[in-house]
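Take a look at this single chain, the form predicted on its own, given in structure tokens.
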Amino acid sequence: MFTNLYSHLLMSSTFVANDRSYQAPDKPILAICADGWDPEYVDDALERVLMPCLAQALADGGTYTLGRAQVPTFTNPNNVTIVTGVSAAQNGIAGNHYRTADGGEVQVTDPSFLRATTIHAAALEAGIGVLCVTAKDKLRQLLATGGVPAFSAEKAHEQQLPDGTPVIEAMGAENPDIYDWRLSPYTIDMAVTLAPRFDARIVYASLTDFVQHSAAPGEPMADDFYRAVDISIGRALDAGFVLGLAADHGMRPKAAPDGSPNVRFLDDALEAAGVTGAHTLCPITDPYVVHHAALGSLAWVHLDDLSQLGHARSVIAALPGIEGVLDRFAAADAFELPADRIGDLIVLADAGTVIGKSAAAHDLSALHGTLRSHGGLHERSVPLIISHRLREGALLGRDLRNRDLHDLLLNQLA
């Protein structure tokens, strides 16, 4: 009791992260990154009364609107833009995967990639209790930067609280598998359950999009998922949290008429056209191959010989389903990206097409059903939801982004 009171007395009323000021919350807030929640899922779930707790919060004065995600519309860059409140150009995270100067490829999971502080790290420094819980363990290190307590539901069975209590003991239930639709509601419950252990006033929960990769709105798995998530949302609201939700990206079907992935393999096409020394990098690449087999609607192309850039660009632009090929600097300017961490060419596919390296580089047998994926401009529109009333004019004239989630929760409540 004394420790919590003492911490409260030391807590600043405001704090600053990346040149933006935030107010310390009167009530605890729970910011949720709803992985893969295309607006079609939310609209369908509300229309068919699958989410009565969320519907009631909206009826009582909450807000449901749309914003834009960071391009590329992948998990890591959008989680980081949400937790820093700034674009990839400022925070340095442009994809899940990165090509190093020596030509190697690495996962973007280490905090050393960050070029901006997180809102949670700044709040912690100001004496405000914080907690991050992610479904996907790949995000845990990035979220933990600055000493922020961070746990993953995926690895909860391997983790302990500071007092030595196993996380699953505190939860009273074992964690579901990473490819189980129950992992996302478990993640929300985990955030709510563990928050008092850290006197956390600002809590972040990042979900997983296995369901959205596997099932369209209205399919049985999606219905079960949104019913369960709504129950967890209700628990959070009952526990006194102000809840905010923003998706990291939308989701679209990416299959050909025969049900196979509608994919363009860039390295194969470039080699056939006589372009040598081209290396396609798929920034969607992560450990969860069952989700997408590393096939998304945006890719970088690195060239050993920049004199071939014009030829390579023409070859790629002529492929069916390719709707944009930009050079490094045009893409950095158009999409607020760090120019030194993207390719020489940035390739964008249309709504129904994905991009791969070569036919030999992707194991399509790993896919769970018909391919649904993301990464391009057609997955940029995302829901932004706040459970409580915003102050008058809070949204007026704003070009809303998912990175505005913490500003809405901390600065814009009525």
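None of these values were measured; they are calculated from a predicted model. The first residue of the shown sequence is 1; numbering continues from there.
The same protein also has a form predicted together with another copy of the chain, omitted here; what follows describes it.
At least one heavy atom of residue 21 is located within 4.5 Å of another copy of the chain in the predicted bound form. Contact check for residue 314: a non-hydrogen atom falls within 4.5 Å of another copy of the chain in the predicted bound form.
Residue contact check for residue 241: none of its heavy atoms lie within 4.5 Å of another copy of the chain in the predicted bound form.
Residue contact with another copy of the chain in the predicted bound form: residue 68 places a heavy atom within 4.5 Å of it. A heavy atom within 4.5 Å of another copy of the chain in the predicted bound form is found for one listed residue only; from 221, 330, 170, 231, this is 330.
Interface residue among 277, 310, 147, 104, judged by heavy atoms within 4.5 Å of another copy of the chain in the predicted bound form: 310.
With another copy of the chain left out of view, the stretch that reaches within 4.5 Å of it through heavy atoms in the predicted bound form is, among 331 to 339, 160 to 168, 202 to 210, 124 to 132, 331 to 339. At a distance of at most 4.5 angstroms from another copy of the chain in the predicted bound form, all three residues 318, 322 and 401 contribute at least one non-hydrogen atom. Contacts between 163 to 182 and another copy of the chain, taken as any heavy atom within 4.5 Å in the predicted bound form, involve no residue at all.
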